[in-house]
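Only one chain is given next, in structure tokens, and it is the form predicted on its own.
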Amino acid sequence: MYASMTRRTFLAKSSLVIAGTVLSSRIEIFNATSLQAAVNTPFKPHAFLEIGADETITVWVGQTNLGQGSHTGIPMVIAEELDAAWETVQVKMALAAEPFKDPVWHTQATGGSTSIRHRWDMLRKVGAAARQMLVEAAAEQWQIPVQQCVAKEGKVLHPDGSSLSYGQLTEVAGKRPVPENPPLKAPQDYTIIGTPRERLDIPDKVMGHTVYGIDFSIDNMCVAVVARPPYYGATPESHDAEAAMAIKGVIEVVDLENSIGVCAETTYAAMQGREALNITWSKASHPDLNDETLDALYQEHLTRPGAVAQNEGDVETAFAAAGQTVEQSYKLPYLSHAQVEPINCTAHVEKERCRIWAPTQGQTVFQLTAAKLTGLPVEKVEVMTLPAGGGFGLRAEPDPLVEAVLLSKSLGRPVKVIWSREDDFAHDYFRPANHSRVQAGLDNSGKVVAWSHKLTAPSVMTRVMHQYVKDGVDPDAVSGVWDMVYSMPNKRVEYVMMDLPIRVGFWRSVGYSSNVFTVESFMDELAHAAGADPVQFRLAHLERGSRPYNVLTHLAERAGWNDPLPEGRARGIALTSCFESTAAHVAEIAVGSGGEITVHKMHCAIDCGTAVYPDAIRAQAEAGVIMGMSVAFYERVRFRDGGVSTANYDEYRLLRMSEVPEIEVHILEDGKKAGGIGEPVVPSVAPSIANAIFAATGVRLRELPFNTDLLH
């Protein structure tokens, strides 16, 4: 939404709705209670795009609406090349289908900041091809050369000033062949890309019309909750199904693999029924697993030989010749996704088809999993993606789908599985904990001549994409280390894989979210050891004129790195490149006499190539600061007696609104293809704050979340 929206304006617009005026929203989702085909249109040159005779331009999106703005950004790219009139554009969520699969990953999924960057050329060609077909149709109708026709804002213009609208041309254009390589616009000709636009999903969200998975309902649906093991390796030994069935509203108790489902007319009845089961669980497989034993195990793994992920130059010789050597260790905890909307999924298994309604990030995974569970062909499994109240990677996991499908299959009716908040925390796929030991050698001029980095962490890829794990190295686990932005002539990276019962999965910015804290904290330590300014030290290890070099230089200037600060304040800086973008942060903080840390201001600079949707980029950058600060100060999953002890938000502190600082976002553009946004704006937040704390106090905090007791 525009920044010029004031409270008075908002109230005025809201009053119109209250008075009975219909507020038309331009974002829609398929009719979730039926699977009627879209209205036939004479012009649908691609699965992504259709243009109606009524001038309506519909962009079908296969990516999940996680609040990241892609349901406006994707239409902006297509509308730009189409030369559409923006006010005629609407967006609809597509079913899981082949055309909507990622052209790089070959699966329909939303993650890795890929929604636009993996489809950059494809989306542009969709719009450009349609524009060319419309122009050719107009030229044919006017009997003039195509070169004399110009497309502009939903019309094709004749040299004499007359025009034909896209709607008037749909029937003729729809009969023409779709060009494979239509001419694309030059960036200087963009009129939609890079401009402020109101998000298409905001009106429905503000008015409470958006149907999230947790809100979804269908005729004859029942609600289910599932009792799962409270400890790793535990199994149900006995339970009282009769007591559960005695609860008013409970319909059925169903034994699942290592868990028990309770289906009821309402969520509350299902939860009461689950409690009444009075399950006796077997002992945990790892009864001694707790915070202390985990810490000791991680430290012990760091003493083991690691799989070599990278070995460049001659590290041993470089260390022997170094003028000074610095070595440090860092620790990061397990993190929960802690998304606002609890996990849920609705399924209806019928004889000839299976329908799924879920706020999933993994449409193809859901479709394939449901097909396997039901024995139906994949094409008979229909996945309807609902908007999600946060995801951060967790919603690609099919656990709720498996439960919903099996329960629906058993009951013969639609079943919505809902996880409680306690279920979410206990059975999350956590961001892996990560311990590192890093050593670097500096020459007499203060340049890094050797870097040795050993880290230990569980492997996410081994479970979900085992084909990418080579010779014991999980590329996700070492991301941000073996591909760090800095040039090191001699570098060795080792990875020690942990094998634990704790479930781990992808978490926003994946391995970078852990390793960039270590790398950027250590770079600051090396700058101090070399007696160098942290910015100049980093620049000395970057290629002049490169994207990271330019981002760091720009950020330091905009944040006033060399300007004096108010008494008691200090700055810290950190940088990363990932997901085809570069981001950096400068934190301005103060530390009180009791060790309390106040972040007064955060600067974020990002170069993501072509900035398709600047409003969304700023929003993502601001959210990245908030999430990164929350991780830095508070977030940590605790373990006890062989299971997860963290149960709810009262034990998993998140950053509060009162703690959010002033955030200033600086968007750079180097003219390259669009890069990722949601992932790159998180990793350098925590280290920038840690580096500022050192500048203020002389104390290094090498573990997250920060232990402020060390500051007094």
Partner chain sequence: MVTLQINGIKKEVDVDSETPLLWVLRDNLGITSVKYTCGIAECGICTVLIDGKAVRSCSIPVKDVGASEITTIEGLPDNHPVKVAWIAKQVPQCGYCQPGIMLQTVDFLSRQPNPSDEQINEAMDDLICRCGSHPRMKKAIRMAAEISSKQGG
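These numbers come from a predicted model, not from an experiment. Numbering follows the first chain given and starts at 1.
Omitted here: the form predicted in complex with the partner chain. The next part is about that form.
- Annotated contacts: E198, Y649 and L654 all touch the partner chain in the predicted bound form [non-hydrogen atom within 4.5 angstroms].
- The stretch that touches the partner chain in the predicted bound form, counting heavy atoms within 4.5 Å, is 64-72, out of 64-72, 680-688, 667-675, 50-58.
- A heavy atom within 4.5 Å of the partner chain in the predicted bound form is found for exactly one of P203, G233, P475, P398: P203.
- Contact with the partner chain in the predicted bound form, judged by any heavy atom within 4.5 Å, is made by just one of H435, R618, K155, H453: R618.
- Within this chain, P229 is remote from the site of the partner chain in the predicted bound form, having no heavy atom within 4.5 Å.
- Contact check for T266: a non-hydrogen atom falls within 4.5 Å of the partner chain in the predicted bound form.
- Looking at V172, you'd find every heavy atom of it more than 4.5 angstroms from the partner chain in the predicted bound form.
- Taking the partner from the other structure, the partner chain in the predicted bound form has a heavy atom within 4.5 Å of a heavy atom of E622.
- Using a 4.5 Å cut-off on any heavy atom, the residues of 329-347 that reach the partner chain in the predicted bound form are, in sequence order, S336, H337, A338, Q339, V340, E341, P342.
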